[in-house]
Every structure is written in structure tokens, then in C-alpha cells.
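Have a look below at one chain only, the form predicted alone, in C-alpha cells format.
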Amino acid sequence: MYTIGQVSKMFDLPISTLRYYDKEGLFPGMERQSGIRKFGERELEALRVIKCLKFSGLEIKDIKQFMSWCVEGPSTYPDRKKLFETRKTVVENELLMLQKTLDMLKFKCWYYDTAIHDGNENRLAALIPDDLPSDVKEWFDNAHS
């Protein structure tokens, strides 16, 4: 069992956030000893899932719904699965957009390294888009697709 302070450090979360999650019912059945919260493995796993869902863009009210489904039992498995499938799709789309962004940044870093080396952009204009080095062309193509 862990104290709220220990869990705060483990998850790099403010104690106030953990208290808020508890108040919102995200730790159903959490033990208390003399009124002090005691976090067990079940609460630690709940926090891992909460962090995952929050990073995927889900709001607390929706995370609360998920936790309610967990308490309800097996009849909510399809709802829980659908929630995770939806979040997975959202994150995959965000990753695609981030990859495009990263490729544009890589391309522009290469572009300006080359322009600085050459002292101008003249040679670059002749290279774009078909005569770029193969790795740079991949960045360019993905950033512009």
C-alpha cells in the first residue's frame, strides 16, 4: 500500500490531482486507514489507465464513465472496448500528423543547413522536388502529402 505522497511522486502528479480523482470517484473501493487514502495495485493500475486516457484527449467526465463501466462488470466490455478503439484511432491520427510535422521540420533544417553552406537558395530551387537526396525526399514528400 502507498500513501498519497508516494503515489504523487511515482506518477509525477500533484497531490491535489489525486484528491480530485478520488473525489470524482475514479478509485472506487480505495482503502482508507483512519481516513488516510491507501493506494494499492488496483489504484495504481487505474492511474495508469487514467493517464493513458487523459493523454489520448479524453475528459475526466468520460474517464469517470469508463470507471463506472468497470464497476458494472462484464456487460460493459463492449462499451469499454469501443472507447479504447476510438481513442486508439484518435492517437494514430495524431501520430500521423506529428510525423508530417516532424518530416517538415527535418526537411527545413536540411534546407537551411544547405542554404547556409551555399550562401544562397539557388541550388536548392533546382533540387526541389525531384532531385533531393533520398532521405530528404521522403521527408519532403510526407510533409507535402
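C-alpha atoms forming the largest set that superposes within 1.5 Å between two forms make up the rigid core. Note that the coordinates shown come from a computational prediction; the quantities given were computed from them, not determined experimentally. In this text, residue numbers run from 1 along the sequence as written.
Not on display, but discussed next: the form predicted in complex with a further copy of the same chain.
Taking the partner from the other structure, a further copy of the same chain in the predicted bound form has a heavy atom within 4.5 Å of a heavy atom of residue 119. In the predicted bound form, at least one heavy atom of residue 85 sits within 4.5 Å of a heavy atom of a further copy of the same chain. Among heavy atoms of residue 78, some come within 4.5 Å of a further copy of the same chain in the predicted bound form. In the predicted bound form, a further copy of the same chain sits within 4.5 Å of a heavy atom belonging to residue 48. Residues of 94-112 lying near a further copy of the same chain in the predicted bound form, listed in sequence order, are 94, 95, 97, 98, 99, 101, 102, 104, 105, 106, 108, 109, 112, the criterion being any heavy atom within 4.5 Å.
Residue 15 shows a C-alpha shift below 2 Å between the shown form and the other one [criterion: core-superposed Cα displacement of 2 Å]. A displacement of 2 angstroms or greater separates the C-alpha positions of residue 109 between the shown form and the other one, with the rigid core held in common.
In this overlay on the rigid core, residue 76 has a C-alpha that sits less than 2 Å away from its partner position between the shown form and the other one.
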